[in-house]
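Coming up, as structure tokens: structure 1 and structure 2, two forms of one and the same protein chain.
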Structure 1
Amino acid sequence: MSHQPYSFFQSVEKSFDKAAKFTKFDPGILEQIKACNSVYQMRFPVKRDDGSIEVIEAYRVQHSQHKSPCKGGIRFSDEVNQDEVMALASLMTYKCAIVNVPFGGGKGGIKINPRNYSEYELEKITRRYTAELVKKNFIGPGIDVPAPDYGTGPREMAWIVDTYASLKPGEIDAAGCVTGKPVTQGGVRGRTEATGLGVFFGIREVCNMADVMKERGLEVGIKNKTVVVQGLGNVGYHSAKFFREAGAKVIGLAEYEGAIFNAEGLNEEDVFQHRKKTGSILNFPGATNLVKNTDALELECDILIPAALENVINGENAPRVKAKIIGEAANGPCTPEADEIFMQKNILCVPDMYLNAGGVTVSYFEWLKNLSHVRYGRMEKRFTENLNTHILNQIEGLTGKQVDEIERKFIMHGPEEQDLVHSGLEETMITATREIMDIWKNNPSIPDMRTAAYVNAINKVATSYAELGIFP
């Protein structure tokens, strides 16, 4: 069966219920965790450039306040509806819990196709939406902190922070009301590549686990593994880049116009430039064209990274998937039917819920930066460089040998903001991967890694509720 009779929010609840069976919490606590605490649906008028007035439909959902503030993106899309925003908000709660980011889940959406509006109209819509959120106390550095999602980016976040700050004069932490801002407006360096880098760190950690690799007949490590990436947007592009730089071979890339294959490996930047020039990734020099973009999902490879749309691997095509490991970089690329098939085929599916949490992790670092009012590295960079230079000079003096230029540069380098952000992300993804794998190993009846990730999330959120004494 290809179409689900249940809604997106119900399918999230279904995965939750599947995992809840492996926890020991009171059914009432589980019901409270599943529920969306607050749903704000709004309508407001906007005057278009041609003088006509349009009524805009928009949402903000706060799923859980077991930790404050709530956190989650705002999407601009024709498809936005209350059910979708509720589902995405609940996934944010579980995602933050798994990667130990102390936020509750939230999500926002405005039901428009941004391509149909001028920049000035988009600015008016974004600022009005922000004003409506302020009016109802639905945004703020300690209340609810939005971020970019489909159809939004740093530009929209700059409009939000400006509107918020003008309505809250003198609020010293106003910059922390939203993340994903331009660096000049209090954004953090390293945000752009965060999700793709997080995907890489998560899969690398799985590939470093000898027992997991042995079960699938693979060598330990990333080096020489064959990788196929579907989607050459921000996440897919950066995933491909970090895998290639770590010594893997990216043998296949897919975009909606088609897919290309080269057993010797592809360079994502060259393909990106080719697509920019010709309007398509097809006919890339040295590569073979695949007729359907979905053919890429069925290539022989070690690691498959779907980084495009939801439900691309389903009950119909999952039996033809030949990858040993699937890394869900997109949201919901594999359906529950696909999960069942992966279990039979011993394919390890590393779930989106934590694997693509690089974005929210680095958003958390940005929020901390805004609250501390100092950029990362400013205090320690020179101190570290001076100390390392001193140690190096002492060692060279004592041994009478010189360290070569590349190593010297590396040893003497003091951390800049991006280095510290990447390092914090690496720590986050490694810890989360190990926590999930431990839960799975210690309970052999848990069917797959996705369920283990949900169990991890439920344990943390329920413990929070219990310790807060919300349930007497």
Structure 2
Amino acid sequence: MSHQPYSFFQSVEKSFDKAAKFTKFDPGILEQIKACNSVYQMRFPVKRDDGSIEVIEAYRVQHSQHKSPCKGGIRFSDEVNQDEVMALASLMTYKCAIVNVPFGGGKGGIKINPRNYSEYELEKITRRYTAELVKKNFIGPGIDVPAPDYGTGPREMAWIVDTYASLKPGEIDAAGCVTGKPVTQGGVRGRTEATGLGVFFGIREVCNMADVMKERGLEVGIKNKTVVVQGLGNVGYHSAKFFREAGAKVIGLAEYEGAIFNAEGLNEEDVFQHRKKTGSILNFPGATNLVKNTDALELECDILIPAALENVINGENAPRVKAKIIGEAANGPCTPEADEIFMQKNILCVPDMYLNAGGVTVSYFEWLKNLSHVRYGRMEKRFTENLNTHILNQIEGLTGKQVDEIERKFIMHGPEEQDLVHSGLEETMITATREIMDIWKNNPSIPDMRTAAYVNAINKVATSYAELGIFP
């Protein structure tokens, strides 16, 4: 994109180097951590519905195998190129390390705009891509496990697992070759909303830190905070939903055709339906249209959530950002120049590589489910409900008092798959936020939260290289 003096991968390297100075590892180990281990660039033909043949350009990058399998989404976008996929694969390594998900980083991309293809064409492209990955041993539950990303979702994941399983007959763990699958195809309940919910849990934890809020003149908690979300895809939509449900006011929403503003707050589902019906986010009843979609990034608000693509806040527009907290729901939305400006303006940028880790965290739960061949909650749900009923009856018998119906339901409820997944995600995001903040507080010369997050990631990856004894 413009205003960017170097590539996306170089910007990841820049942030890494900035943080590496705060660690004491051998330069060779740091070099190895930074490098992308394997880059697979492929071309394959697809027959379009009109009979013509098109050559498709696609990638899969495995950034690190310090833990197996590699993990990361596959995006379908016109902007896909090798540098972008390398950058995104690197971010996956750091992301997994920070949230203690035992995977190496990977990422895939197909250079197509899915809007320009029929469902049948997309299925052919996805299946062929999967077959190419199988041929080169670039996919498998113990090798490399793709997932949804920009432009892909459960439908594509279902095509991938079906193709993989049919090429690998008898592979008992085949369902674990990809995550983000529909529940009927081996997916886990709670994966769809996972990234948005993780963004919410991460920001909520930051907002519960009294000292962090005080430094920025903000009240503790989420309630009544004003929020702007850029991007109404899966991540943006669910982030907006969880903030609104927790009592925040979502005053601005942006999509690529424009942005809207309402000081009283917007309901993401109503806006989503309006966009579906009219084809545009603009002219939403009661809201003001903003001329450019990027205007939303410059609105006065407490929390800004860029949830679309990389490089949207850079050296050019960062000086005009008025938010007090930025929550990077997208991968790489703010450039290193933007980070410098945020530091001068005392804007807290909560970095992508841990804040949007909810997706991969729940992917990890899905993969575990696939390998264990049992649904979460199956073993304990009824046992817990029976036990809780027993305890409740004893309490009521001993006290002679009755618990009201709502409380009774709550206490008795045994965990279902979605409850456990959400709870595991909440625990993961709270722990990760505290770990990063502790690193930052213990070393005041670390300039920002991104650098603290990288320091945490480097510590963990470097340590596991040392444990593996890869460097004799």
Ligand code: GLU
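Structure 1 provides the reference sequence; residues are numbered from 1 along it. The structure displayed is predicted, hence computed values, not measured ones. Between two forms, the rigid core is the largest collection of C-alphas that superpose within 1.5 Å.
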Here the form predicted alone is displayed as structure 1
C-alpha of P319 off by 2 Å or more between structures 1 and 2 on rigid core: yes
If you line up the core, does F261 shift 2 angstroms or more at its C-alpha between structures 1 and 2? yes
So, does T361 move by 2 Å or more at the CA between structures 1 and 2, with the core held fixed? no
Superpose the two forms on the rigid core and tell me the Cα shift of G279 between structures 1 and 2 in angstrom. 5.0
Shift in Å of the E215 Cα between structures 1 and 2 [rigid core superposition]: 2.7
